[in-house]
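What follows is a single chain, given as structure tokens, in the form predicted on its own.
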């Protein structure tokens, strides 16, 4: 219970002020399309140079955890995920908001984010030494199969057609190959110099979700308020319903914890895997994609439960569990703190104060998130032309700010316009984005696995040996089989 000894350090005036600013700022940055948690933490690292190590880590940790939750605001209200971790939230968040329940959807988002986040931090506190060893067991072969498991989820993301879902996913996987091979350095599908750097994931995310929404607004010439009918919902009702959804919270939190421990996986995989799993075991499968609360609860509890465990391998081994944790490693190093046992001995006060602040950040995120939920009515009353202009400006700014490369803006606009026309034929953006995310993970790890396997017994033996490989392969087979069985039953019922 060493962490309890340092709780009082969090409640000094300076530390609380930094925690407050980091949490509120993170929520607002998360809501802006394109400003991902990774970028938010990276942008703030220079501001921590003059702070003490304790204060700098409190600021970065608060921004990390609140930006993940804040991305759900634009996902629910505008159908534009603030970050890749919120892709799954769009599936039921926006339909729920459009059905007149934006406040209720945001309540579920922040309550489940709080529950998942607290579980993740407690995992970090109590199981760090044990789970650090578990994280080290994941090599190229395991990461390859995890990416393939994610690919099996693609088909179920399109609730209208498994074929369209797979086709969309294939487009995403193809887009992921554009540019230079990260291992071999070979140029592929570079039709124009603007594609030489590949497809940036933030540019793709903003383009595929934001631009079609802008064009739809201008096409319909309707104000958002004309499309929504606000329904009153008390906070107590939302809390009681949310905590009663034990199955969704459990699936989301467990998925987040496991994915968080796997180096490099990230919140986007956690959210999508948990969404897929809760959909498969739900008795109301037909409601998913139409405003099912369990979809929001599972996705948001997962991407916040991922935060704590992603720091386990980082703090103990120097192996980041997510892209944002990798940036956070830089925050540690600039203050002369190196991952390992010293963090919990020599720098115990700083480390435990930082971890304790993450718990308080979850509570602050809940309080201010729920307050923001009450302001949803002002967003949806904004005239369509103003909203379209604001989203376009944010989309361009968010895309350009990632790499300060105007080519990313052109790619973003091209993908957005293409997605707008694809949506006319019933295709959805989520499978494309998932394919784009998983493609590089699968390809890079397969290439690395092949290099290792060539020195051993061959690629087949390397990819199929060991209990961990076989477990993940079994999950892939179960996921594919279940998807086809569900599709057959759906066709039979129709």
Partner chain sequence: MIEIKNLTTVIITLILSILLAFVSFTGGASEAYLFPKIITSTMIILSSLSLLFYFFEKNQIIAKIDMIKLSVYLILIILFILFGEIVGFYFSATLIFLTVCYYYSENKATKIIVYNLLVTVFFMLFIYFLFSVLLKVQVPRFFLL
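Everything numeric in this text was worked out from a predicted model, so none of it was measured. Numbering follows the first chain given and starts at 1. Only the largest set of C-alpha atoms that superpose within 1.5 Å between the two forms is called the rigid core.
Another form exists, predicted together with the partner chain; not displayed. Remarks below refer to it.
Participant: Is it the case that 186, 189 and 442 all touch the partner chain in the model of the complex, with a non-hydrogen atom of each within 4.5 angstroms?
Facilitator: Every residue of the spot touches the partner chain in the model of the complex.
Participant: Does at least one non-hydrogen atom of residue 145 fall within 4.5 angstroms of the partner chain in the model of the complex?
Facilitator: Residue 145 lies outside the contact set for the partner chain.
Participant: May I ask you to check whether residue 181 falls inside a 4.5 Å heavy atom distance of the partner chain in the model of the complex?
Facilitator: Looking in the model of the complex, residue contacts with the partner chain include residue 181, since a heavy atom lies within 4.5 Å.
Participant: Can you tell me whether residue 284 touches the partner chain? I mean in the model of the complex, with a 4.5 angstroms heavy atom cut-off.
Facilitator: The answer is no: residue 284 has no heavy atom within 4.5 Å of the partner chain.
Participant: Flag residue 398 as yes or no: does it have a non-hydrogen atom within 4.5 angstroms of any non-hydrogen atom of the partner chain in the model of the complex?
Facilitator: Within the cut-off, so yes.
Participant: For the chain shown here without its partner, which stretch in 301-309, 356-364, 389-397, 110-118 has non-hydrogen atoms within 4.5 angstroms of the partner chain in the model of the complex?
Facilitator: Heavy atoms within 4.5 Å of the partner chain in the model of the complex occur in 389-397.
Participant: Just to be sure I understand the contacts: of 234, 250, 177, 342, which is the one whose heavy atoms reach within 4.5 angstroms of the partner chain in the model of the complex?
Facilitator: It is 177.
Participant: To verify the annotation, which of these, 370, 254, 201, 215, has a non-hydrogen atom within 4.5 Å of the partner chain in the model of the complex?
Facilitator: Answer to the contact question: 215.
Participant: Just to make sure I understand: among 404-441, which residues lie within 4.5 Å of the partner chain in the model of the complex, judging by heavy atoms?
Facilitator: Counting only heavy atoms within 4.5 Å of the partner chain in the model of the complex, the contacting residues of 404-441 are 404, 406, 409, 410, 413, 417, 420, 421, 424, 425, 427, 439.
Participant: Could you check whether the CA atom of residue 438 moves 2 Å or more between the shown form and the other one, using the rigid core for the fit?
Facilitator: Comparing forms between the shown form and the other one, the residue 438 CA shifts at least 2 Å.
Participant: On a rigid core superposition, would residue 190 pass a 2 Å threshold for CA movement between the shown form and the other one?
Facilitator: Yes, the C-alpha position differs by at least 2 Å between the shown form and the other one.
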